[in-house]
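Here we start with a single chain on its own, the form predicted alone, put down as structure tokens.
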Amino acid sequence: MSKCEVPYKIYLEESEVPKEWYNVRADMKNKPAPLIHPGTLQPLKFEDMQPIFCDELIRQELDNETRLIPIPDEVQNFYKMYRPSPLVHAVFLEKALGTPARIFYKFEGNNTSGSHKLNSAIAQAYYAKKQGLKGVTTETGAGQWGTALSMACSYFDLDCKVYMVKVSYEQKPFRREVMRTYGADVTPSPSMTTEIGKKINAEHPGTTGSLGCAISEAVEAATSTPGYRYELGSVLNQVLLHQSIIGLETKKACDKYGIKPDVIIGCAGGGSNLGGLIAPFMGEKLRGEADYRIIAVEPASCPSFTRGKFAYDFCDTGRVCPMAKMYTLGHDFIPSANHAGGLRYHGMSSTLSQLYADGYMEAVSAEQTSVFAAAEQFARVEGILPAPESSHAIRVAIDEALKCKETGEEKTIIFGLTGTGYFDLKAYEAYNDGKMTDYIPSDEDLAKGFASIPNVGL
């Protein structure tokens, strides 16, 4: 099919929006290693997780066999506010690059939260409400997840307590205020309101925080407050399940217009966007029905896949959460304060980690100045100011398209545009003023984080 035969924006009909989430683990021969109890080192059971998570979310977390899981009617109705989201043919970017490649992006920023995070936030809030809880706690880094969960909790009349990584709390006040507008209580992390926060502040005076710190505080707050549970915006299997709506819509749009992607690219912090975008394509790959080149793009300053270790590690800095086998930089690793592009988590989804270890996908890292250069190039021709996180995928999509220009290959590239960057203008300001710098941790820097990885012999 020629470029001109594909619509600029491909929208599915409302009736075509998937009614089930896809669980990629059902098609994995090597299942992701189970979460383990940090005390017993035994796989977590349902009852072990009940003090932390909602019951139905625990069932989804532990389910390695059910391929399709129905989306509740209440969640489907909420999805109608902003789904289906468009698969956009980036014709203006193609022209600017002079590439024979065809470039498409799945745009998830067309909702008030400004990102894909709402896909899982509304599901998790629904299950909390259904269980009769009073409220939930969570962490947020750049703020997309906290914004999404705040919006979802407002919809279901739930309390929402958000621990926001301190550097983001200070750099991104507008996203913080959107959370507060939706009724959330937002606290910079590490704080002095939890025992774990006090301990982290004492051990790391002046720290700018990390997602690992914020997770610890959120879990402590949930487990010490009656009627509350903790909800997480990435990494966990349940989150990748909910985010599969992205890939399922993308696949349907591709099938509808005869688009066969050669390369699929997603940014990777904890794995929610990447896992959701690639889910049905990875399923075909696992079943031997098709093949795709799948690329995860992470920041050079927080390189879990490309420089991390595949090992069991704590999911949080305070070591109150279960342990997961994942590519990790160590739970004590804290990214440099100059890192403005999100994707600040020390580890990676155990599902994606297993797929990467088994060779089903690639990973590359990108320095943030090159990421913002790609973001501005994209914004100037496609008319959307992209989130810094999404711009990691844009960087590599442009690089792949330029390779096609050199070779003359007419490859089809799809990447995930996870959200908009209108609350990230301080980072854009730093780039435009020439004040943004790149930080790549040395082997010595990484060794400090690796030293915190427990030796559990598994």
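Sequential numbering from 1, following the sequence displayed. Think of the rigid core as the biggest set of C-alphas that the two forms share within 1.5 Å after superposition. Since the structure is predicted, the reported quantities are computational estimates derived from the model, not experimental observations.
Here the subject shifts to the form predicted in complex with a further copy of the same chain, a form of this protein not shown in this document.
Asker: Is K106 one of the residues lying within 4.5 Å of a further copy of the same chain in the model of the complex, judged by heavy atom distances?
Answerer: No, K106 sits far enough from a further copy of the same chain in the model of the complex that none of its heavy atoms falls within 4.5 Å.
Asker: Verify the contact flag for F46: yes if a non-hydrogen atom of it lies within 4.5 Å of a non-hydrogen atom of a further copy of the same chain in the model of the complex, no if not.
Answerer: Outside the cut-off, so no.
Asker: Even though a further copy of the same chain is not shown here, does K80 get within 4.5 Å of it in the model of the complex, heavy atoms only?
Answerer: Close contact exists here: in the model of the complex, K80 approaches a further copy of the same chain to within 4.5 Å, heavy atoms only.
Asker: Contact with a further copy of the same chain in the model of the complex for E429, defined as at least one heavy atom pair within 4.5 Å: yes or no?
Answerer: Residue-level check for E429: yes, a contact with a further copy of the same chain.
Asker: Please determine, with the chain shown alone, which of 49-57, 387-395, 416-424, 22-30 has non-hydrogen atoms within 4.5 Å of a further copy of the same chain in the model of the complex.
Answerer: In short, 416-424.
Asker: Using heavy atoms only and a 4.5 Å cut-off, determine which of T225, T306, T181, T369 is in contact with a further copy of the same chain in the model of the complex.
Answerer: Contact check passes for T181.
Asker: Looking at K134, R380, K130, K199, which has any heavy atom no more than 4.5 Å from a further copy of the same chain in the model of the complex?
Answerer: Only one listed residue qualifies here, and that residue is R380.
Asker: Pick out the residues of 159-180 whose heavy atoms come within 4.5 Å of a further copy of the same chain in the model of the complex.
Answerer: Heavy-atom contacts to a further copy of the same chain in the model of the complex: F174, R176, E177, V178, R180.
Asker: After the core is matched up, is the C-alpha of V91 off by 2 Å or more between the shown form and the other one?
Answerer: Result for V91: no, shift under 2 Å.
Asker: Given a core-based superposition, decide whether the C-alpha of D185 shifts by 2 Å or more between the shown form and the other one.
Answerer: True for D185: a C-alpha shift of 2 Å or more.
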